[in-house]
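The form predicted on its own is given below as one chain in structure tokens.
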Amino acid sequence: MKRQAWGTRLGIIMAVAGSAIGLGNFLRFPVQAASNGGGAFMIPYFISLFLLGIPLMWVEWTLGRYGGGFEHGTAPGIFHTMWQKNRFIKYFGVIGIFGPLVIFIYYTYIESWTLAYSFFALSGRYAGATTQLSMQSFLKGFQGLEHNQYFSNLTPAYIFFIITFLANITVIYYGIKGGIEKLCKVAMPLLFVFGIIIMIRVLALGTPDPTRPTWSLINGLGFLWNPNFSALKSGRVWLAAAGQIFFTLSVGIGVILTYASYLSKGDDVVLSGLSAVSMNEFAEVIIGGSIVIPAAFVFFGPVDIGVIAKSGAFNLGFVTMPLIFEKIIFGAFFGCIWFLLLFLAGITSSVSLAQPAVAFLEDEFNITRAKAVSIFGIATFILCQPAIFLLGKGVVNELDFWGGTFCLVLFATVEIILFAWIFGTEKAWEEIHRGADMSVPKIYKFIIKYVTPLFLLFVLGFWLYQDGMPVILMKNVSASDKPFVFATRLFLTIIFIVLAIMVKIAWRRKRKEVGP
């Protein structure tokens, strides 16, 4: 069966950028910046970008293209092609399927909230909620965490989840060129148009209330960007910056490996990877940094903004922003495109999260796209249910930590060591530049071999030393949630074991096909 391919170079850049640009660019980034030294946060942020993000982006594009030449589109096969003498390395690659799969089974539900809220904005569904408390109550009612005057059950949320889930499966069904590439070519420009419209509207706010001259846009931008250099002494700030780079660029997940596996041998990865990074950074730093926190400062003032900034990404996106849009002219329109922006950012990311598992079934079991997507759709629909019905029991937080945080750093550490030390620096450097339209600065040869691996090992080691045991022993989990968190860990362990068994079966089948 002939493997699929991207239709255009622009298509792959848009798809990788779409994978990277997600809810975190517009919600998580401003929270991280505001909570970790404001403008000073950008120092470790950009250091992490140049020492972690960009090198790992190039490594993953190169690994994916290399593995695709052997008709492998996921980490088990790609790792095996790089170190064929080691029969266990493919099992480390399971993380590259496991991580995206785990993120997909909760991310899709959160993504569906954005579609629902775009409808609520136009229909005036949340217009009666005019305070932080009432809007929080509206969100909790929608999520099924409480029954109140706004929602009596989970049905509306579940309907929007079904619509969102089917939209994802439909895009994935139509494949790389006909589904993902077509979606990203439309969704990404539209996302930037919506983002720039909202950014311009926020920047035009000025000082809406003359009786409160300090509640101004300039002071709002200052709250986010004025540097508190004393924060740089905190290891937590540096770890937060590194974590944000991982989160925002989608490196260390396994998605870029899969996307790049559909490139041909001579396709450029250097300039293409850098282009995807640049699009992501524009969306995050310029657009994401100019909307939520500055707008919240203008309407809620210097006292409440600190509490709002620390209230978390969900609270900012689904509580604070709707309240802001209620206070401006044509607020329903701006609210609608704000949530559509988040939905487009979400779906371009979620379809990328699905692709490694689908590609694994196609490549390693030699089954059709339609059959692979059917298996994936049925399995993930079932796996999504705990995230929906046990949202208030710590399940989503647990899925997010192991799938969306720990696995990212662990996988990135394995792949950078494999690439630089096992595959070999000279061979790796030659592979990066195959078909390249620009040369990577030579300093990156040293960075990829020494700095990035050491940085990642430090992050892993520091986490294990500082937070490892409390997390493993569930020290910060309430007694009522512990059974659910434990069950989630068991659930994740079973998923990982099943994937490892599938890898074993796939390789056994291939050995039989090749013969003695």
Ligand code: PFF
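For every residue, the number given is its place in the sequence shown, counted from 1. Here the structure is a predicted model, which is why all the values come from computation and not from measurement.
Although not depicted, the form predicted together with 4-fluoro-L-phenylalanine is the subject of the following passage.
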Counting only non-hydrogen atoms and a 4.5 angstroms cut-off, does T258 reach 4-fluoro-L-phenylalanine in the predicted complex?
no
Is Q355 close enough to touch 4-fluoro-L-phenylalanine in the predicted complex, meaning at least one heavy atom pair within 4.5 Å?
no
Residue-level question: is T74 within 4.5 Å of 4-fluoro-L-phenylalanine in the predicted complex, judged on heavy atoms?
no
Can M14 be called a contact residue for 4-fluoro-L-phenylalanine in the predicted complex at 4.5 Å between heavy atoms?
no
Specify the contacting stretch among 344 to 352, 328 to 336, 111 to 119, 430 to 438, defined as having any heavy atom within 4.5 Å of 4-fluoro-L-phenylalanine in the predicted complex.
344 to 352
Quick check on this chain: which one of V292, C184, I78, I253 has a heavy atom within 4.5 Å of 4-fluoro-L-phenylalanine in the predicted complex?
I253
Only one of S272, N168, T320, T248 gets a heavy atom within 4.5 Å of 4-fluoro-L-phenylalanine in the predicted complex. Which one?
T248
Taking 4-fluoro-L-phenylalanine in the predicted complex and a 4.5 Å non-hydrogen atom cutoff, the residues of 87 to 125 making contact are I103, Y107
